[in-house]
Structure formats: structure tokens, C-alpha cells
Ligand SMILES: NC(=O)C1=CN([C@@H]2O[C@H](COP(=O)(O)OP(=O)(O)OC[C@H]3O[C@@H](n4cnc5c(N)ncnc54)[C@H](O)[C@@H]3O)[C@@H](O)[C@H]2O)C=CC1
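What follows is one chain in C-alpha cells, specifically the form predicted on its own.
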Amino acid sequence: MLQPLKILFRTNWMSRSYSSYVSRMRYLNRIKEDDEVCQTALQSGDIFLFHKLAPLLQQTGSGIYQFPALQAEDVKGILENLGEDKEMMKDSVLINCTKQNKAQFCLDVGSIEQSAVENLCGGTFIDLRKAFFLLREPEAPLASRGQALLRWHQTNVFCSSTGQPTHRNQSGSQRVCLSSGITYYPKMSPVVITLVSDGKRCLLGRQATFPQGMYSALAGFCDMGETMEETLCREIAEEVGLEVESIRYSGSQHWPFPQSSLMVACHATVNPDNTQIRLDTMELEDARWFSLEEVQEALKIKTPPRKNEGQPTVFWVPPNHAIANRLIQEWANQLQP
């Protein structure tokens, strides 16, 4: 059912200097594995701040929000000004490396008064779900990765086998139980997200927790032992009572909600003669078929619309950097004359 993936990487990826990319990936791996190299990289690296897993955002004069990269020395100064031990810097977790081989770290300062940090940084700590609608690419994925790693460290302080404390390496790429010798690595849960079509319309649903008026592609976690195809077919049957006829792979994306997921995105088709939705209200608040014209109008909306009293709720879809948006865009582009 799943069509073979013929092209793994797009042309713009392949156009990059291969030797430069390999060099950067090997340097990133050295930072992950070698504590001394990581400590050196931290002193000259970029640091993104979080407060209880909420990223620090700054608003520019033009009203655009950004996820600021602070210099290590500036973060040390902030900690000292607030009477904190600058050794807190060592709690930073490696998240990436720029094309200029500058290491990028994230640090959660949740033990410090939030407003005090905001005043010194000229920004605001904003819940990641809201931040996703404010940030632009590639900053949103960076905030997503940072929060996911910080959350993983906060929830894996103890060994699940012995109950003893685990100890992280400098980069935060792993935690080890010294009692049992077990090494723990950050994990993601596989999720299949699917845009269902009957050939002329696409099916979108919404959960009660979604912002007002927003509909998205259907998604569900893989059960233990399931293939991606099995998960997709099962979820569509469970949530909307439809049987899938064919599946086409689109791409994948890390997604930080509810914790850390790997979203595997697919297009699915159903028989146009069997499109009656039988909604599972335990899973979804609503699900509907939408025409190409309705979807095209929704794609024009770039920020969550405000509802005016007495006016109908506006239909819109997830932001550009969400893979659900890409699925919807691909479907609309395919149907356009």
C-alpha cells in the first residue's frame, strides 16, 4: 500500500557542500561524545533560554517574534546579576550546530524568578504551543527540539530498573545509571499523521484542545508491533469509520506535543462511494470533508483569526512549519488546474 520512496533528499539539500556537511556532522558528534570538547564549545556557543519548558521569545520593532540566541558570556552575566551560580551554565543541553560550526545549546532557568530573567533579556517566556504560531522557520523546530531534550532530562532523573539517580554527560546526549550501567538515550514516539482524500475533497478533524476554528490532518500513535501502514489504517477506521484504499508517503517531522513525537506524514485515499463519516467523539470533537476552495481560503490565513461577536467561526489550518500544513498544501497543489 505504501508507495516506495524514490528520492530521500530534495535537490537543495544535495546542492550543499558535501565535505562541509560531513565535517559539521562529525564535529557535532564529537561535541556529543567528548565532555571536554563540549565544555569548550559551550564557552563560545549560542544558548537559547527556557523557563519551565517555555522558550524565551523577543518581539522586534516590526512585531515579528524571534527565538534569540544568546552568547554564553551574556548568559553568565545574567546569572551573576540575578545572584545565581554561573555553574548553572553546565546544565545546558546541546541541540545543534550552525553551518559556521557554532554549537547551539538550550538551558532551562525555571529555578529563577521568571520576570527577573525576562527584564534582563528583553523578552517573554511563552508556552511552546502559542510560540509555534508566532515563530517562523527555522526557529520553531529549534525551539521544539530544545524543549523536547530539556523535558526528557527532567523526566529521566532516575533509572527505571534500579531507582537510582542517572547522570548525564556534558552534552546531554545520554544519561547513565552508575549502579546498573544502563545507558538511556532521548526517545521519540512514532506517530502517523494522514490527510485523507476521496479524490475531490479532503478530510480534516479537530480535537477539543485545538484553537477555535482550526482543523488538521488526522493523527495517531503507533501501537507496539504495528507497522506505519497498520497504524494509519487503524486510526482512520477508529476515528472516522472509513477504510483506506491506498497510502502515499510524504515526509516526517519532529513534533514536541504531547511530549516528543516523530510525525510520519502520509496521504491516504478512500473509496469516493463510501465517505460517510462515523465520528468517534472520544477521539475527535468534529471531522468534516472540505472542498478545494475552502482549503485554499484557509491556507491564506497565516495567524490565528480573531472571532468577532456574532460572526461565524473562521476555518483555518495549522501554521506553515507544521507538517499537517504541508500535507494540506500538497493536496491542494495536486488538485489545482
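Definition used throughout: the rigid core is the maximal C-alpha set that superposes within 1.5 Å between two forms. The first residue of the shown sequence is 1; numbering continues from there. The shown structure was predicted, so the numbers you read here are calculated from the model rather than taken from an experiment.
Just so it is clear, the following notes concern the form predicted in complex with the ligand, a form of the same protein that is not shown.
- Figure note: of the listed segments 165-173, 72-80, 251-259, 116-124, the one touching the ligand in the predicted bound form, with heavy atoms no more than 4.5 Å away, is 251-259.
- Just one of P186, G220, G213, P141 comes within 4.5 Å of the ligand in the predicted bound form, counting any heavy atom, and that one is G220.
- Interface residue among D34, E297, D286, E283, judged by heavy atoms within 4.5 Å of the ligand in the predicted bound form: E283.
- Contact between A103 and the ligand in the predicted bound form is not found at the 4.5 Å heavy atom cutoff.
- Mapping the unseen interface onto this chain, V314 falls outside it, with no heavy atom inside 4.5 Å of the ligand in the predicted bound form.
- When contacts are judged by a 4.5 Å heavy atom cut-off, Q207 counts as touching the ligand in the predicted bound form.
- Using a 4.5 angstroms threshold between heavy atoms, I193 counts as touching the ligand in the predicted bound form.
- Scanning 225-246 for heavy atoms within 4.5 Å of the ligand in the predicted bound form gives E235, E239 in sequence order.
- Once the rigid core is overlaid between this form and the one not shown, S216 counts among the residues whose Cα shifts by 2 Å or more.
- Taking 2 Å as the criterion, E283 counts as shifted between this form and the one not shown: its C-alpha moves by at least this amount when the rigid core is aligned.
- Core-superposed comparison between this form and the one not shown: the C-alpha position of L195 differs by no less than 2 Å.
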